[in-house]
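We begin with a single chain expressed as structure tokens, specifically the form predicted on its own.
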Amino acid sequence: MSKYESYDEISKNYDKTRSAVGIEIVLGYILTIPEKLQDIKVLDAGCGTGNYALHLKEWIPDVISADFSQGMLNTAKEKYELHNQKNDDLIRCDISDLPFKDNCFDAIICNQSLHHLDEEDTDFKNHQKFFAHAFKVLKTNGLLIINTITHEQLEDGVWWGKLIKPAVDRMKKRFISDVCLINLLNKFGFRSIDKVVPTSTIIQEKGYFDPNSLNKKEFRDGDSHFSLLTSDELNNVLNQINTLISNGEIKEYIDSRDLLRQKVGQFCYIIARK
């Protein structure tokens, strides 16, 4: 898998700005599974600090969480213990090589993790490995629920998108387009593919409209785009923002850019069935 940022280090700040956005969409689709919730088995592939799994565990006892970063898994374990949830179902693995038996999961969720699988210009080989493994370990009619970002959302889904254009251009090479994603899912045998775009939901809701947030590393750690900026590029971004602030122009800038976010959203769900 790709390792373009230090996931163990970022795990220390991740939960300061990130939460399980879109969990209502995940739950809505899982409720279409014709099984009792206590009998459903879910894999959270690329679970990070366990935000989504923690919510699912309130209704579904059998949620397996998998991630490559031990730091992320350690944070998830601490959260599970804090909420008196089972914490021995955290598995360290590369999700492009899932170590599970065939036909064992009713649903797999993958939230904002696909872009961490491949380096640039590798033809999304690890994406394809993940889809192949996901198809094998899902039961017949099982769901693959993917939370990702379209190329249009990379550009206009956050108000600072235009300011970090070098990072956005690099990130486009890591984010497979929604059209190509759907084509690949079809290639590996998935069917009944839906796309859901929650335009009113903000990923980093805490501090999102505060221009000073971007001056804080703990906030930037919640957006992996910033790890793709050079030091000079980051300083240039922060200088532009601080100039807008000092000139009294920042509110107008954020408001105008946010109109685009309200149209395209910040992320989308692609839901496929085996």
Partner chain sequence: MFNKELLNYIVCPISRKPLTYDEINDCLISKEFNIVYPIINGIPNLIINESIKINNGELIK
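Residue numbers count along the first chain shown, from 1. Fair warning: this is a prediction, and the values are worked out from it, not measured in the lab.
Unshown form predicted in complex with its partner chain; subsequent notes refer to it.
In the predicted complex, segment of 198-206, 144-152, 114-122, 86-94 with a heavy atom within 4.5 Å of its partner chain
Comparing against its partner chain in the predicted complex, the contact stretch is 86-94.
Would C104 sit within 4.5 Å of its partner chain in the predicted complex, counting heavy atoms only?
Heavy-atom contact with its partner chain at 4.5 Å: present for C104.
Any chance F135 has a heavy atom within 4.5 Å of its partner chain in the predicted complex?
The answer is no: F135 has no heavy atom within 4.5 Å of its partner chain.
Do Y29 and its partner chain come within 4.5 Å of each other in the predicted complex, heavy atoms counted?
Judged by the heavy-atom cut-off of 4.5 Å, Y29 is well away from its partner chain in the predicted complex.
K77 versus its partner chain, in the predicted complex: is there a non-hydrogen atom within 4.5 Å?
Because a heavy atom of K77 falls inside 4.5 Å of its partner chain in the predicted complex, the answer is yes.
Identify which of I164, L98, V158, L181 has a heavy atom within 4.5 Å of its partner chain in the predicted complex; exactly one of them does.
That would be L98.
In the predicted complex, which of the listed residues (N235, N212, Q70, T243) lies with a heavy atom within 4.5 Å of its partner chain?
Contact with its partner chain in the predicted complex is made by Q70 alone.
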